[in-house]
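Coming up is one lone chain in structure tokens, specifically the form predicted on its own.
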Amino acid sequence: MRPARMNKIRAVILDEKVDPVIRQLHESGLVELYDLSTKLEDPEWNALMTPAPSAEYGRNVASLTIKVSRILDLFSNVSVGEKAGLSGVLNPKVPAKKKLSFSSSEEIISNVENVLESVEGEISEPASKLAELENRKTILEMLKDSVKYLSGFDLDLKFLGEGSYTYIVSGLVSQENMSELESSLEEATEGYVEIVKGNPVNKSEKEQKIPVIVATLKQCADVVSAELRKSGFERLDIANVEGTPSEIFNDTEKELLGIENETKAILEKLNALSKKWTEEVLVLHEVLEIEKERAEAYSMTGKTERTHLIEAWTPKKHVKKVQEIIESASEGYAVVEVSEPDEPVEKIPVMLDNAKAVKPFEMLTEMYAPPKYNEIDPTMMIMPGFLIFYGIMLTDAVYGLLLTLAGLVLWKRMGKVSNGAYNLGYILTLSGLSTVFFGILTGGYLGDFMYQFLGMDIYTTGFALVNPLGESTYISAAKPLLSLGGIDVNNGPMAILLFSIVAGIIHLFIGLTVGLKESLSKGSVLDAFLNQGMWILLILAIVATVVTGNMMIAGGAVIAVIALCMIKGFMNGGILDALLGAMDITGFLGNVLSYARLLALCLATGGLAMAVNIMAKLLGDAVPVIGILIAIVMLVFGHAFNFVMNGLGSFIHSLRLHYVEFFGQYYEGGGKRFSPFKAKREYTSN
């Protein structure tokens, strides 16, 4: 019920043996390295040792990682893989792991360099050619885009630019600025300018410009350029070409077509190479990433002239194994010390340690916040409550079956490659089974589908215990479930409401009991009584009242609790807080009534399903010929909508009852999650 107990491992290792120790610890994944850099800022520690830098081989690893990443980017850009489709998404392929065994960074770097040499030997030429073609294509497309505006001109464009005596430039001018530009150029050049205008062209839907070629004397180039800038002249970047605009445009198109064909051939070649080498390069990338983590791990250690100091957190149950790893990898050239946690609770890493059947529900605990090291791990208590609440809120056997199937796909298929999908799939599968159970219990099969379309009232057949909207064979005015204070529970809504309130009281009682135990373990008896004890007594008094029928017990308990709340308020802040404290009992009552949402969600699911069935039946009866098709479409989309919306709502509200009402009695959270120093292997094995 608590996170795994932690020990701190402190090892002094001969510097020649530290690398194999780091490698073995990284493979085991049993420790979280403690960063000593902050501790070594203390003068007392700094007098003994200095922070160690990252391993020297880290630079080579980083350089190779960049090369490998570039190759993977290239393969990603050129690969034309088969489309996975829905089947591929739902049943992802698990990559085969390549078994590799290296004893040192030198071996790994040498291996990576050899493989890279082979890969680069095959891809460098087509990759360079592809880059060259793409560069040329970009230039030609820009030229084509510029030249198309000058298609009406019969001028050899080799004359554009600055000649021995002339300066000729082409560009676009907005229609409204044209007259002013002509006047200003005439004035600035004293008439030594020639402006040739083309037909207006549309730059965009709202913008029309005139292509122009401006020729002037070389000595007037500066003033002409200045006047052109003032008019918003958009210069066409054309250089190093020869021929008329039409000829250049046609030649450019031909060359682009040739480039396209050549590029296609090279892409096919690179695509074939990517299929050949991608898996091998992914292996290299993973190996280098692992080496990078190991190289950086050095910087978390302390260093003397001949030794390294490593500190690490490890779960108590792994201490012996970690000791063996360090002593074996260092060949005995290490001194290992094990100690209890010597840090503040907030700094001790937290590893949840639940049984396999409960472990996926740790996801729900961590969505709120991991527990602190000295707190209870609530995962075990979340599991039954979440499943029961979810089932009663969705409460439809067909929806439950669909949810179970969806959960199984997530769990057994997508869960192969994603831990999150595995956990969520497991939770949804159990939630679906719970929904099937409560759906059968309440006769929910796509709402009242069986009654609307088959004429079968399941609540009179004896196959359903509770009718959420009325009476059933087992619960009716003639056969009330029970009587409370003279009030008969004789129909479904009342029965489900009673179940919801009782479930809420039990849920809160468990939370309060855990909270009481936690408070007592901290030695504060008064706090334990005022925070949890008096509410437990109130619940017990209500139970005694129900059993005995003596209202005096509950009445006396309520008065006593109000008085205790006022005393608690007075102790915290005086008379005003004492008066406000009296309202705490309404807060507790609100927590209990919050569980009535079980009934609300239950009715919402059934009610919407009934509405869908009624509308489908009306459409089927009202529309001739195709009415049955419309009814089927209505049923499919209506129930799909109800299933998704209320399935999501049930998930959220079930979590809400735990996070707000249940956790509020004993749980705070905020622990630091255990982050193991572990080699992440997807494509390799050791």
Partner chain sequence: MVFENPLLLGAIGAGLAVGIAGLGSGIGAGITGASGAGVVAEDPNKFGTAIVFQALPQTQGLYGFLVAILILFVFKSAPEWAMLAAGIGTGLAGLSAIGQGIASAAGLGAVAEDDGIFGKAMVFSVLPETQAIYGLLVAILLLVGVFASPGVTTIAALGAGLAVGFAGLSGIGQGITAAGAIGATARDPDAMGKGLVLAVMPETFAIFGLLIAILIMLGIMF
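Please read all numbers here as calculations on a predicted model, not as lab measurements. Numbering follows the first chain given and starts at 1.
Below: the form predicted in complex with its partner chain, not depicted.
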Can you pick the one in Lys39, Arg656, Lys67, Lys617 that has a heavy atom within 4.5 Å of its partner chain in the predicted bound form?
-> Arg656
Which of these residues, Ile567, Leu217, Ala600, Val196, gets a heavy atom within 4.5 Å of its partner chain in the predicted bound form?
-> Ala600
If we take heavy atoms and a 4.5 Å cut-off, which stretch out of 383 to 391, 318 to 326, 361 to 369, 70 to 78 is in contact with its partner chain in the predicted bound form?
-> 361 to 369
Non-hydrogen atoms within 4.5 angstroms of its partner chain in the predicted bound form: do Gly590, Gly607 and Leu648 all have one?
-> yes
Quick one: is Leu469 in contact with its partner chain in the predicted bound form, heavy atoms, 4.5 Å cut-off?
-> yes
Indicate whether its partner chain has at least one heavy atom within 4.5 Å of a heavy atom of Val625 in the predicted bound form.
-> no
is_contact(Met534, its partner chain) in the predicted bound form, heavy atom dist at most 4.5 Å = no
Looking at the partner-bound form in the predicted bound form, is Leu405 within 4.5 Å of its partner chain by any heavy atom?
-> no
